[in-house]
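In the form predicted alone, a lone chain appears below as structure tokens.
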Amino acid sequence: MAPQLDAYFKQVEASSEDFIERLRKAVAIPSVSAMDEHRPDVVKMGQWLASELKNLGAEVELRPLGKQPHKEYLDLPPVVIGRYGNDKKKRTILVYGHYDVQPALMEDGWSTKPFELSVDEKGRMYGRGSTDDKGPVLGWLNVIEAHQKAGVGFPVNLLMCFEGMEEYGSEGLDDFINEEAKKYFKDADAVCISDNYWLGTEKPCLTYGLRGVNYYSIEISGPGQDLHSGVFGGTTHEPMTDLTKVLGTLVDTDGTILIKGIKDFVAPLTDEEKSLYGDIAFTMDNLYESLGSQTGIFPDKERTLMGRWRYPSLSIHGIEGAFSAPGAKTVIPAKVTGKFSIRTVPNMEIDPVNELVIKHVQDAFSKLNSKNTCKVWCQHAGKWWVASPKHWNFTAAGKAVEHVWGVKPDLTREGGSIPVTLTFEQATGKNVLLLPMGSSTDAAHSINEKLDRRNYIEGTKLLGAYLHYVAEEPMEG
């Protein structure tokens, strides 16, 4: 028997403008975890979220995580943990999200002010954090509120864990989860995370796998201070020249990783796995719309999805210390730091990959015969994750998707990394489900990030429906 959800759905519709206003207030807080000057805003966002939950009748705690490693002058933002419902006869679902966001500046190319939610005529709600991850986090609050206003009984006990450092490597969170797995989170029957996206724009999905990420820095230094190229050009080994040469040895223009031995770690593709890709609702036009260009590497859907999900990739992200402002400046930087990352897949383990990367960079630098100094290190790393999509947590979510969207969801993996997924699985021993709200065109981490109104409101319906279905799904698988 399908749960009776009509009253709940009607209430979500009736409250939709209030829910959008809640998102507007959240987006207005520039909770950028990577920037020291915005740390008070991150804390403010956590406190605002806690107060919203308290107003809904949840038990809430703000848990401190101590000082930030390598930046001991900064306190880490608190973890917001909460509980709604404490009925021993009901299942308990633990949900996770994050309330911090990526940096965003108008000069990056935003068409609207990034910290002011603006809604266009197509219902696209633009603002930093709208889809990643403030919209989905607020979805859970909306679920509680709509149940209360509709007079519908809440189907489960809801445990919540919302952090403020996800966009900066989730500093301090792993230890916290491991510590609380047998305490605050001890009665969780399953875990649900809404911090990812549909493959396209029309068909929902459930995600059972993620790539991991190893993030690296290469620092090359030489002169004691920045130099004038007119005076010193041609007389000294230049760190920037060395760095660009080393970065150029990592990956080719078709995305092939050039670090010897990396591909030997990758789990081979089976015929069964290969057969899963044909029916997935995704077209090359979905990719081109997301890219804003037709610069895809592969001409077909299957190889594109495998390139995104089940094979590793290496991306070069930027250079610290180099001149990057508009105009011309004839400076020779004294020290530059290049940043790149590798998205890892089964069976790439963190330490063996680090060893290969560090050896490759050191060898590439030594071949330059430069008198500069090179250091390379892994800034942070998160492991890949794969779960069983046959578990009752997934089958319940699948039924909820069908109820709300009228279609069976695609079962997908994803190219991004949410390391906390694996942490929750290992710490609690429970199945973890990724249940996305946003779509592929939301531009998380990019300029003009948005969340479609439809995805936000129907997504709130879906999160609530999932809780009803998971409350009655037979515990098998």
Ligand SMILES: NCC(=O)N[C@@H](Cc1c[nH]cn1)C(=O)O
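All figures in this text were calculated on a predicted structure; none of them were measured in a lab. For every residue, the number given is its place in the sequence shown, counted from 1.
The same protein also has a form predicted in complex with this ligand, omitted here; what follows describes it.
Using a 4.5 Å heavy atom cutoff, H98, V213 and H445 all lie near this ligand in the predicted bound form. By the criterion of a heavy atom within 4.5 Å, W384 is excluded from the residues contacting this ligand in the predicted bound form. In the predicted bound form, this ligand sits within 4.5 Å of a heavy atom belonging to R343. Proximity of D195 to this ligand in the predicted bound form falls within the 4.5 Å heavy atom cutoff. Taking the partner from the other structure, this ligand in the predicted bound form has a heavy atom within 4.5 Å of a heavy atom of G416.
Heavy atoms within 4.5 Å of this ligand in the predicted bound form are found in one stretch of 144-152, 256-264, 270-278, 163-171, which is 163-171. Between this ligand and the residues H380, K245, K367, K182, the one pair within 4.5 Å by heavy atoms in the predicted bound form involves H380. If you take 30-62 and check each residue for a heavy atom within 4.5 Å of this ligand in the predicted bound form, you get nothing at all.
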